[in-house]
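Consider the single chain below, provided in structure tokens and representing the form predicted on its own.
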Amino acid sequence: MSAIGVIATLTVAEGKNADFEAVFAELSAAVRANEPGNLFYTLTRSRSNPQVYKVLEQYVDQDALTAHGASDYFKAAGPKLGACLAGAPEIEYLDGL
């Protein structure tokens, strides 16, 4: 089975960047420490719009992606991240070749 990529596009409300980045840093540390099936989990910010972030993720397989979404730390981070957003996230799933 091929790796699975995820690109999550998140638009952060004005004045919430620092809060968003702090919550994401905690989540990212937990992912790296607890998910051997995660190959990378990186936050990037748009050069043209500093309110737009993209999370670049890759997992070894669907089971690893499912485990990520089911983790307690991911579920706990959701409301904290959501409080920083200006709208719903856009999630794109990609199949590795």
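In this text the structure is predicted, and so the values were computed from the model without any measurement. Residue numbers run from 1 along the displayed sequence.
Not on display, but discussed next: the form predicted in complex with a further copy of the same chain.
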If we define contact as a non-hydrogen atom of the residue within 4.5 angstroms of the partner, is Arg45 a contact of a further copy of the same chain in the model of the complex?
yes
When the contact criterion is heavy atoms within 4.5 Å, does Asp95 count as touching a further copy of the same chain in the model of the complex?
yes
Contact between Gln51 and a further copy of the same chain in the model of the complex at 4.5 Å, heavy atoms?
no
Please determine whether Ile91 contacts a further copy of the same chain in the model of the complex, using a 4.5 Å cut-off between heavy atoms.
no
Does each of Ile7, Phe40 and Leu56 have at least one heavy atom within 4.5 Å of a further copy of the same chain in the model of the complex?
yes
